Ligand SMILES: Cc1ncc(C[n+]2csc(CCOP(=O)(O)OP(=O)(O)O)c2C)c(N)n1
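Below, in structure tokens: the form predicted on its own, a single chain.
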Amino acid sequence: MKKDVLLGDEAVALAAFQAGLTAAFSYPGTPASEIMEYLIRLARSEGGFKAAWCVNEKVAYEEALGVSFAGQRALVSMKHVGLNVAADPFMNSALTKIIGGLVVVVADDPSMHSSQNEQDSRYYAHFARIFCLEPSNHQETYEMTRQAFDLSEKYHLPVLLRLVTRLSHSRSEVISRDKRAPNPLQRGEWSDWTLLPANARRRFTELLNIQKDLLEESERSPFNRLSLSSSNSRLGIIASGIGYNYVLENINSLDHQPSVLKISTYPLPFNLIRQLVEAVEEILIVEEGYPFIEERLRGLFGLPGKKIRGKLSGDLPLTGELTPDTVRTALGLEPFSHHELKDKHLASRPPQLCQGCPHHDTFIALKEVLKDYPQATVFSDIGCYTLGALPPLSAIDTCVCMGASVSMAKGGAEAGIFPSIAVIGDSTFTHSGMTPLLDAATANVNMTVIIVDNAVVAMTGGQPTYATGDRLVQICAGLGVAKEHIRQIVPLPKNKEKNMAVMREEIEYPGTSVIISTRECIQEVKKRAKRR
């Protein structure tokens, strides 16, 4: 056994490696990125397995499925909105007969530190009818990851491991175990992996038939713990994930210890829940994310004679992260004392593009051009350049999801918006922007796409991009954009007038045009200089 101080993400990566991993795949997304970064470092130092970034989460998931079909163990990791992108293979893979263990790690982002929403991945596991594990600390994260591979092979299902930001990005001591050898190579049966209707109906029936086995697995899981109080028959607490820690931080301040049920597996362990409910008068449910457990406990009409408290009752906030203080208040305790700021009028400092960022010069030129077009709309996308929405630039009008800038600009153009501009990053373009550009180019809609190419996935830490510079030109031409209307510019202050002229020309072209604004991320330039 060895002790390491690890991020929650790193605990996942180490456990997967030591569980006999053959391959791991991911697309960068906070708070999950460090899983793949750690695996890549392990692959370089230890060897024996593959760890790679992919063009998007759907591709990553399908590559992991291919590894599983070959009987090998695979891990695919992503943030919560990344699972939306991978939802098609994710849902369908529940109907395949998983051969090599397939573990799906999803890091949710309560409070939306770097995300568009707060969705809760436990609903995806419930939707797909697969097994889900939710750790409350770093050691459990390690142990659950290893067990997830075993469960996947036992039930021939993908297994979802749900993390949250506070666990992914904090550090704690983790005790690891010996490395397991990888699986031998084998192949799945075509009838279990070819989801023609006849096969899919059979496999879905088999999925339904093992639900009782998954429930029994959940009931006997060592990660669930029920502690019934002999001194307090009034209050019972159901806590899951990181919320369990906040309960432990506070319950010693109560006059009488409540009964506590820690839930770490899904489907929910009904018998353990029933034992707690029967022993108490009031149940407080503490869970990070949506009120998943609370909704199921309440049902349509609640529990007669029992009081249920949690997010739906207003005792805990429906949005944002839980904290020890919010849980303390829900327990009826006085808040912890806090140091008051001497100056309560400190100005907030919204995030800004880095000094010297190439996106800044692109936006400055674009804004200057669009002064002549009062009806102009700039549809933007996910990346550092989304900060262009904030003052002093105030240069973009939308940001919804990966690739939506190009699709929305096409829709806006078809509705009559002129000029209709899409701004998208090089990595986001290869992730989800190529398909809508194919759609726009085929129809030759009157719109302009500006690809802000900084040659790296900058927002999530500098991971490699799949296309930059001339390769982007080739891709756009291959998608059907007229070559004479694929223009390249270099976003520098000295080039402002020349770049503005190019933008004006392409805006006035009555069809689909692309401007590729190429200059390397300033942070990557600094990193390279530091390495030298």
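Numbering starts at 1 and runs along the sequence shown. Everything numeric here is computed off the predicted structure, so don't read it as measured data.
Another form exists, predicted together with the ligand; not displayed. Remarks below refer to it.
Asker: Using a 4.5 angstroms cut-off on non-hydrogen atoms, would Val85 count as touching the ligand in the predicted complex?
Answerer: Yes, contact at 4.5 Å.
Asker: Report whether the minimum heavy atom distance between Thr428 and the ligand in the predicted complex is within 4.5 Å.
Answerer: Yes, contact at 4.5 Å.
Asker: So in the predicted complex, does any heavy atom of Lys410 sit within 4.5 Å of the ligand?
Answerer: Heavy-atom contact with the ligand at 4.5 Å: absent for Lys410.
Asker: Pro491: heavy atom within 4.5 Å of the ligand in the predicted complex?
Answerer: Result no; Pro491 lies far from the ligand in the predicted complex.
Asker: Check each of Gly289, Gly100, Gly433, Gly383 and return the one that places a heavy atom within 4.5 angstroms of the ligand in the predicted complex.
Answerer: It is Gly383.
Asker: Since exactly one of Val81, Val445, Leu276, Leu235 fits, which has a heavy atom within 4.5 Å of the ligand in the predicted complex?
Answerer: By the 4.5 Å heavy-atom cutoff, the listed residue in contact is Val81.
Asker: Out of the stretches listed (102 to 110, 389 to 397, 420 to 428, 218 to 226), which one is close to the ligand in the predicted complex, meaning heavy atoms within 4.5 Å?
Answerer: Answer to the contact question: 420 to 428.
Asker: In sequence order, which positions of 26 to 64 have a non-hydrogen atom within 4.5 Å of the ligand in the predicted complex?
Answerer: The stretch 26 to 64, when checked against the ligand in the predicted complex, contributes Tyr27, Pro28, Gly29, Glu57 at the 4.5 Å heavy-atom cut-off.
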